[in-house]
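As a starting point, one isolated chain is supplied in structure tokens, in the form predicted on its own.
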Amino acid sequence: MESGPCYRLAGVMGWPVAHSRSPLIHKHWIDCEGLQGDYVLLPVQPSHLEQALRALPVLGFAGCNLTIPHKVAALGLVDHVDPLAHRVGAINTVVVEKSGSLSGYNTDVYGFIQSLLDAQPDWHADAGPITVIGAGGAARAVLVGLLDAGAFQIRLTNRSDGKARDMAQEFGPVVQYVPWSERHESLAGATLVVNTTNQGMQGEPALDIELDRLPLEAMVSDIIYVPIATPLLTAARARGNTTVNGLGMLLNQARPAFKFWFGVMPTLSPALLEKIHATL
């Protein structure tokens, strides 16, 4: 197919990147919308990141997604960083502007909040206290999303207490540090629990948390999507809590990125979910 003015090219840049489901997602939408374009894997070593980003306009790319380990490093390499991405401290979407300059955005925040609303359309961040487990990059996106959605009390706990304490201090009085030794108690009265760690991921030990004190009306979210049902979500579902796996965040963060590059906000269909489930 010849490249022309209507042809759009995007991809996902990471190291490694072969495991990414992003090409499957974006190619599905390109086909559904009847667009001319493609979405490709861009395996780029950290030492070549700046070179690769600067090559995007030259190669005719509309932009790219960034995944591990590039999300933080790219922040200082693009020409413009969206204020939301600044607060998160990471970008996962790069847009090539008409001038050839590069803009960086973070769509993980949108993806996370939308995944909660998809599971429970009447969910409100200000319904009650929220417990967030973990203090890495994913936790930052989750905290920004919850704060912007109106959360008034977030209890932050992490196996490495120092990281949680520092993060709580950075994000202000709404985010309260809870020592790891008090993690079980932090679920009392919570309306939402979010695991942002890798605990429960395929090949990793299960997250060490007891749900006894968690109200049955609370929602339990895990940003992991391999496996779809982590031990945390399995235990939560068994006791009657509404659960949200990481697939919703993965799919929803891709939607605004697709719109940046292809000009269309795609929808999540059963056909796409079926395709993704088949790869897990």
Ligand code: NAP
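The structure displayed is predicted, hence computed values, not measured ones. One rule holds for the numbers: they count along the sequence shown, beginning at 1.
The same protein also exists as the form predicted together with the named molecule; that form is not shown, yet it is the one meant from here on.
- Taking the partner from elsewhere, every residue among A138, R159 and I224 has a non-hydrogen atom within 4.5 angstroms of the named molecule in the predicted bound form.
- Within this chain, L49 is remote from the site of the named molecule in the predicted bound form, having no heavy atom within 4.5 Å.
- Contact annotation: G63 falls outside 4.5 Å of the named molecule in the predicted bound form, judged by heavy atom distances.
- Taking the partner from the other structure, the named molecule in the predicted bound form has no heavy atom within 4.5 Å of any heavy atom of Q114.
- Though the partner is left out of this view, M201 does reach within 4.5 Å of the named molecule in the predicted bound form, counting heavy atoms only.
- Checked against the named molecule in the predicted bound form, the candidates Q153, T191, S103, T197 yield a single residue with a heavy atom inside 4.5 Å, and that residue is T197.
- The stretch that touches the named molecule in the predicted bound form, counting heavy atoms within 4.5 Å, is 159 to 167, out of 124 to 132, 159 to 167, 145 to 153, 74 to 82.
- Contacts with the named molecule in the predicted bound form, taken as any heavy atom within 4.5 Å, map within 243 to 263 to G246, M249, L250.
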